[in-house]
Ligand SMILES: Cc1ncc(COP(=O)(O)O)c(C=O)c1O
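Take a look at this single chain in structure tokens; it is the form predicted on its own.
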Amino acid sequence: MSASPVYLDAATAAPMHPVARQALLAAFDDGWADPGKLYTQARRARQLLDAAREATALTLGVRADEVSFTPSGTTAAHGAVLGGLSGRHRVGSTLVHSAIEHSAVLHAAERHVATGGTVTGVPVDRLGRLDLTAWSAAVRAPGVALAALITASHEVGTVQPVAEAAAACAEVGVPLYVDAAQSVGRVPVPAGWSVLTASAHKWGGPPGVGVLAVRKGTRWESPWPADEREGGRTPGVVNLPAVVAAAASLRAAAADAAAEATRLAPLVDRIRARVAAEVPDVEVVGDPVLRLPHLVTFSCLYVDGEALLHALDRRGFAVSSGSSCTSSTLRPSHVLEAMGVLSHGNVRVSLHRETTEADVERFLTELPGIVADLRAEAGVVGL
């Protein structure tokens, strides 16, 4: 009998929280009507939407009217970047961003360049942490409309100096957009931002719900055709049952976040230490201290990343590799490239509320042999 599967890719999508499942099913009964109408069923739907918005705003520490729900985290990121640039087009057309932003942000930046805008990328160090001196210089340049910084790397887990970056932006009046997809529901997000996005399936909510928060006083204009819903920030009817489930699970995840971080961080420490000690020619990447509590990435020399993923999957382990959101290409991760670290045989392991110590032990026990077998198949022996 084969061992039970072990899911270790929460940074892509966390298993659905039980609270989300309960809320989703209940909202299918009460939340199917259009919340914009006036009859009884619509008023009930409006109550559910208002309650979801209030709960999400409370967790984020913002006003309810600053929060909008989008069809995905990607849509929210596109809207944050393009809307932030549009709102300040009279100031200038330059977007400043770190070299390790999520591909959704980089694709929005590409669209901005294609329509005549300019982009300044800011480097990171070998641990994946923002170069604050370069960031401060970049945001001080003339014509900067918006700055974008991921709160913590989705690939290597390094937490970024958001508060310091925000202070540099504030000194020159440049609004800061933070992609908080890996932080919301897990770790506190520092203050000082003007626009924030998050994605429900990262914290155990259903897929297909993004959050876009725009602080009052921020110059932001919707880049989409006009629509009166969601404060005019994103078009179309929201998937109300999914939004209700997202808000309920966020509240539950945030309430448990500190305890979960305390439980998962030592397991990640164990992975970092054991992989480095027991797998030859491996590089564990990312900051060993200033990092997310649930995520660890390492690269194995002389191993093909895709082959390693398939081998792990055959043994029941679901992990991610390379640039998690550009896995359809064979190009190395832009994040690992920007850090200047090894990208061969890259594995990202990310834990969640259902991950047990036994799961981690089983992974660590089996990994060295799997890597050794793949190297032997490739003719690499004697390491």
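Here the structure is a predicted model, which means the values were calculated and not measured. Residues carry their position along the shown sequence, with the first being 1.
Note that the form predicted together with the ligand isn't included here; everything after this is about it.
*Heavy atom within 4.5 Å of the ligand in the predicted complex: which of G79, G73, G128, G185 fits that? Just give me the one.*
Here the answer is residue option G73.
_Contact assignment for the ligand in the predicted complex, among V96, V195, I150, A245, heavy atom within 4.5 Å_ = Contact check passes for I150.
_in the predicted complex, does R88 come within 4.5 Å of the ligand, counting heavy atoms only?_
No, no contact at 4.5 Å.
*Looking at the partner-bound form in the predicted complex, is A181 within 4.5 Å of the ligand by any heavy atom?*
Yes, A181 lies within 4.5 Å of the ligand in the predicted complex.
*Report whether the minimum heavy atom distance between S199 and the ligand in the predicted complex is within 4.5 Å.*
S199 belongs to the contact set for the ligand.
*Heavy atom to heavy atom, is H102 within 4.5 Å of the ligand in the predicted complex?*
H102: contacts the ligand in the predicted complex.
_Just to confirm the contact call: exactly one of 200-208, 230-238, 253-261, 119-127 touches the ligand in the predicted complex at a 4.5 Å heavy atom cutoff, so which is it?_
Result of the contact check: 200-208.
*Considering only 347-372, what residues come within 4.5 Å of the ligand in the predicted complex, judged by heavy atoms?*
Residues within 4.5 Å: none in this stretch.
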